[in-house]
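Quick setup: one chain, the form predicted on its own, written in structure tokens, and binding and motion questions come after.
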């Protein structure tokens, strides 16, 4: 059995909700708003958010008057979302622990479904997509967001550039699950195989701002998908890699302001 990447493991995310919100909140909010614009969410609709994390789409949909169920396999993420919803006074939002590969929900029960940077991480992605489609009503729409590839992931590009400079022969163990849906044809075919009748693709670009190259480097080390790389290096190698990372960023962006360009693909299917 293939060993799971830390980003695919349930307990990994429990302590990372605040970190995720702080580092990825702005870009995730942009994706959620784009998906809302494409699909449209109206008062009274039943909406499902799979692998909801801090719940960007869930909150927007609830604010639009929808009846929203946010699910995640991380209790820490769910507690963070519950607290955020309470602070914002959000109504019409339920939060439940659930694995997206085996949703404990009835067939044909939601008008809209959404998953941002979640299904791409599932060990059994096909099961996740089948479940995602199964719970939609006939004619319902589902949007799945994923990275377009390492070259479109500004932080990953910098991390790998620094790693290649310090250790040009280093080969990361296993496949990075963040980039499992980079091929749009594969992405579309998997959604069609899951039961969608048609699928369209949309590209979204956003900038992830950060205070300094050093701050971004410290955040990069906390990302679950890159944990295996950092753990395989000695302290000296990590230090050298950090120096190369900062040097590369300063050569590109000088004294700021700083931002990492990020590119995502939203696949919207109709059941």
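Residue numbers count along the first chain shown, from 1. Because the structure is predicted, anything quoted here is derived from the model rather than measured.
Below, we turn to the form predicted in complex with a small molecule, even though it does not appear here.
The single option of 196, 80, 110, 122 touching the small molecule in the model of the complex, heavy atom within 4.5 Å: For this set of options, the contacting one is 122.
Of 47, 51, 241, 35, the one that lies within 4.5 Å of the small molecule in the model of the complex (heavy atoms): Exactly one listed residue reaches within 4.5 Å, namely 51.
Candidate site 20, 72 and 116: all three near the small molecule in the model of the complex by heavy atom within 4.5 Å: Spot residues vs the small molecule: full contact, yes.
Residue 100 within 4.5 Å of the small molecule in the model of the complex, heavy atoms: Contact check for residue 100: yes, within 4.5 Å of the small molecule in the model of the complex.
Non-hydrogen atom contact residue 56 with the small molecule in the model of the complex at 4.5 angstroms: Because a heavy atom of residue 56 falls inside 4.5 Å of the small molecule in the model of the complex, the answer is yes.
In the model of the complex, segment of 72-80, 197-205, 85-93, 152-160 with a heavy atom within 4.5 Å of the small molecule: That would be stretch 72-80.
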